[in-house]
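One chain comes next, on its own, written as structure tokens: the form predicted alone.
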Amino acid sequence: MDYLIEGFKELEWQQPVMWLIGCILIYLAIKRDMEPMLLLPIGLGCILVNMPLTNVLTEAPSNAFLIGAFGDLAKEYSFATQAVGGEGVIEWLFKVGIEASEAMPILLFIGIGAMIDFGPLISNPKLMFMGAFAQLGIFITVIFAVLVGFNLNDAASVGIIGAADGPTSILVAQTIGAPELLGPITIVAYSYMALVPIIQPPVIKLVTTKKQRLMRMDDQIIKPVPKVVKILFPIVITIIAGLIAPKSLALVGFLMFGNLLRECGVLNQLSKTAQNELVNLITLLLGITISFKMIGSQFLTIDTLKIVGLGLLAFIFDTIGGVLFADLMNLFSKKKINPMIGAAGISAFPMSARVVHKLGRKEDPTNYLLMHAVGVNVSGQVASAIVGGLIIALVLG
């Protein structure tokens, strides 16, 4: 009967700690409504991969249980499963969906693109510059990451948390970073995205005055964009991204493909499918698959604590970068911009735009900044994907 307590005999101290972390993630998903579609499957996956002798990873450990129970017959089974690879379901999902092809985070961009209306950005193209400059936190965080001991590849993987874009963070970390950092980077990226309404307001207030926060943009009306322009936009952006940042083309191209489904007018059903069924399915699978990199012995390290601090730093400097660039634009522009909308360039779509709008309404209930903030927000979505590709190209190059 020893096989009945085999799991207890194989238990290591890191595993109960990871169970607790998994339960905390599930609590935050259910009780606090923090990115529930991701944190809930990640939380349960964290528990699954940290069970002793689990068969959601390589099958060999679970075979030890069978051998204890069924003797020689199970030994023959064990050798057979090892001969054909023997990956458990979560390990297989990770190897196929992320490690081998990066398919999951890239496919997710089709749905994200189908959700985005680039009209406010097209109507006011200068908003693109704020979205680009709001990626400042990525590069500052890379510098700090090197200073605290990460090598350049790992530092770049940590810095991309500042993209405020989960799929981009996963893709960059998987492509150029140490494998054991993928789990912490993903958790930190999605956790801080959920905390945008808490992180951004005090930072925005720190770098703006009340007079700036009260600025109105009523003279800069977001005009309707012709349909042909909306159709051409994703095509043109795909070509430009392919020329200046080829490594970003998978992300940008699939993002623009999703947007083309939305804007073409003849594939409405596919657009709705991309926005709903595709996004939901990929998000759920991505969450539980990422848990493969949350094995306690690899996750509970000093590096994880460093990533938590650096991720917060990235979000703070992204917010500051967008606001300060809006201030810079005001020095040369006749039509003044409320600098708060620059903070929406961190790409956490559409949450960051809503945060800016609510902050503006808190200062002046009649001030309407939402559409301007959305324009900056979607420009940040494109910019984060391009910057991710540039970082991969620069580091690997």
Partner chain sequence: MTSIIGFIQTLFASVLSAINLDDLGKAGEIFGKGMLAIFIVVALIVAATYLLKYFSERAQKKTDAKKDAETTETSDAE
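Residue numbers count along the first chain shown, from 1. Note that the coordinates shown come from a computational prediction; the quantities given were computed from them, not determined experimentally.
Missing here is the form predicted together with its partner chain; even so, the following discussion is about that form.
Sort through 152, 284, 89, 178 and report the residue having a heavy atom within 4.5 Å of its partner chain in the model of the complex.
Checking each option against its partner chain in the model of the complex, the one that comes within 4.5 Å is 152.
The single option of 264, 270, 308, 229 touching its partner chain in the model of the complex, heavy atom within 4.5 Å:
Exactly one residue meets the criterion: 229.
Would its partner chain in the model of the complex be within 4.5 angstroms of a non-hydrogen atom of every residue among 128, 146 and 240?
The answer is yes; 128, 146 and 240 each reach its partner chain.
Heavy atoms within 4.5 Å of its partner chain in the model of the complex: which of the stretches 135 to 143, 107 to 115, 89 to 97, 273 to 281 has them?
Careful reading of the contacts points to 135 to 143.
Does its partner chain get within 4.5 angstroms of any non-hydrogen atom of residue 212 in the model of the complex?
No, residue 212 stays farther than 4.5 Å from its partner chain in the model of the complex.
Its partner chain contact in the model of the complex: residue 25, any heavy atom under 4.5 Å:
Taking the distances in the model of the complex, the answer for residue 25 is no, it never comes within 4.5 Å of its partner chain.
With heavy atoms only and a cut-off of 4.5 Å, decide whether residue 386 touches its partner chain in the model of the complex.
Looking in the model of the complex, residue contacts with its partner chain include residue 386, since a heavy atom lies within 4.5 Å.
Under a 4.5 Å heavy atom criterion, is residue 123 part of the interface with its partner chain in the model of the complex?
It does: once its partner chain is placed as it appears in the model of the complex, residue 123 has a heavy atom within 4.5 Å of it.
For the stretch 93 to 109, which residues lie within 4.5 Å of its partner chain in the model of the complex by non-hydrogen atom distance?
Heavy-atom contacts within 4.5 Å come from no residue here.
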